[in-house]
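First, one chain by itself in structure tokens, the form predicted alone.
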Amino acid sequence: MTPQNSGAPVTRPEPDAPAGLAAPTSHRARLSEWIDRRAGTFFIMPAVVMILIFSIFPLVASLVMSVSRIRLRAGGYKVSFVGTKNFEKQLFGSEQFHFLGTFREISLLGWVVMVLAALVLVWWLYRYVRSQFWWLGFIGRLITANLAFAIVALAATTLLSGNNFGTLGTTLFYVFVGCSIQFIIGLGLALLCSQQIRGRNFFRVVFFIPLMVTPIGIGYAFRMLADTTKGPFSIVWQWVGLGDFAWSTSAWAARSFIIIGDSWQWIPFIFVILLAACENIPRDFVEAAEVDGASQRQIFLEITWPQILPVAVTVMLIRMIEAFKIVDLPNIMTSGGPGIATESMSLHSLFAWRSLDLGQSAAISYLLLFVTVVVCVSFFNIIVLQRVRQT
């Protein structure tokens, strides 16, 4: 007997789905899961591609240009392969005086400095071989020792012998002297503003302002401030007897003014980072040292300096890399003059590019890249890695 229909809907079993429809659904699920797992890669990929396009491609293109001679002509240009002749011209050829400097008779002081530097570097390598020899580390130290001796020899044959040095020596002067001055002043300001003094927040803001000014503005401002005849401090220059002094015609005065302008711009960068490092020092260490009767000098040498040393090394490494690329201030304040006295390697490359000597411009840029990499890697290897091994 068939039961009567009570009015409720009758549920009929649906037919089984074909086997071919389950496969696309499963495939879409796996695809969605795969996309979710790699979402970070997809999001960052556009930035990586842009970096590769705007960094790797110019690097390779400039390398090709550095080993070529490019001649512009009507309707296009002609590129011919010349090998290392562009580099040889800077190091040994007609542009040697411009890049390395003028080599004449070496003074007795220059010979003494070179001999002492050679002995110190040989002793440094010998000590490494006897203590902790590793062939890869030895190769790195050998490169560092050769570069250090080359820099000392360059200074001995030019600066210490009364000869003019080229854009390489000027750049190294900006890097070593300028960065040292900036680090000392920045560290002093950071230590001062980390103390419990009145108005320290005001000074923090004031010291940070120069970092927000463009390098072009700083160049024009200091060019105006250094004007001894019509500048805002011309009365002061007249009062100290320097009203007729043309600083732009003196090589060392021009370099000094550029160092002052560059320091005014970059001291805030060092100050802000070192201030953050100083404020992160545990107060318990300082208070315990004060209770034990330690002086401020002992607290700085035994507590403060070891705590901020990693940050100090990092900020100096970043600052050195930036100092190697200095081009704005020499270009605006002196146009590289007098002569080539204030011309950095970056400005040297810029002037070669303006004269349409693209091969020489690229070669100078790669020489700058080599010097920057070796100096900064040596600095990191000697300072940072040596500290890591000791700890």
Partner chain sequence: MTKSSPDYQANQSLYARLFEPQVIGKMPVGTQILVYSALVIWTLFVLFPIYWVLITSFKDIADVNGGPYFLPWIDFTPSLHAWKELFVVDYEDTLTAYMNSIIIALASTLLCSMIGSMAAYALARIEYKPKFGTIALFVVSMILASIAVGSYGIDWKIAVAVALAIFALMARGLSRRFTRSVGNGDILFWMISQRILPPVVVVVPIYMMFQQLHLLDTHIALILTYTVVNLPIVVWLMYDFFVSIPKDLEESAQLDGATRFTTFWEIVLPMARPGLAATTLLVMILAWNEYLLALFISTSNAQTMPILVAAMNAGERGILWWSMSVVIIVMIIPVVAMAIVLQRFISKGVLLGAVKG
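Numbering follows the first chain given and starts at 1. Note that the coordinates shown come from a computational prediction; the quantities given were computed from them, not determined experimentally. The term rigid core refers to the most C-alpha atoms you can superpose between the two forms while keeping them within 1.5 Å.
Absent from the display: the form predicted together with the partner chain. The rest refers to it.
Between 219-227, 161-169, 118-126, 101-109, the stretch whose residues reach within 4.5 angstroms of the partner chain in the predicted complex through a non-hydrogen atom is 219-227.
Taking the partner from elsewhere, Phe300 is found to have every heavy atom lying beyond 4.5 Å of the partner chain in the predicted complex. The partner chain is not drawn, but in the predicted complex it has no heavy atom within 4.5 Å of Gly178.
Residue contact with the partner chain in the predicted complex: Lys325 places a heavy atom within 4.5 Å of it. In the predicted complex, the partner chain lies farther than 4.5 Å from every heavy atom of Lys85. The single contact residue among Ser80, Ser94, Thr214, Gln132, judged by any heavy atom lying within 4.5 Å of the partner chain in the predicted complex, is Thr214.
Proximity to the partner chain in the predicted complex, defined as a heavy atom within 4.5 Å, singles out one entry of Ser256, Asn146, Thr249, Ser234, which is Ser234. No member of the trio Val67, Ala150 and Trp305 reaches the partner chain in the predicted complex with any non-hydrogen atom inside 4.5 Å.
Shown without its partner, the chain has Ile260, Trp264, Ile267, Ile273 in segment 249-274 as residues with a non-hydrogen atom within 4.5 angstroms of the partner chain in the predicted complex.
Core-superposed comparison between this form and the one not shown: the CA of Leu59 stays below a 2 Å shift. Taking the rigid core as fixed, one finds a CA shift for Ser32 of 2 Å or more between this form and the one not shown.
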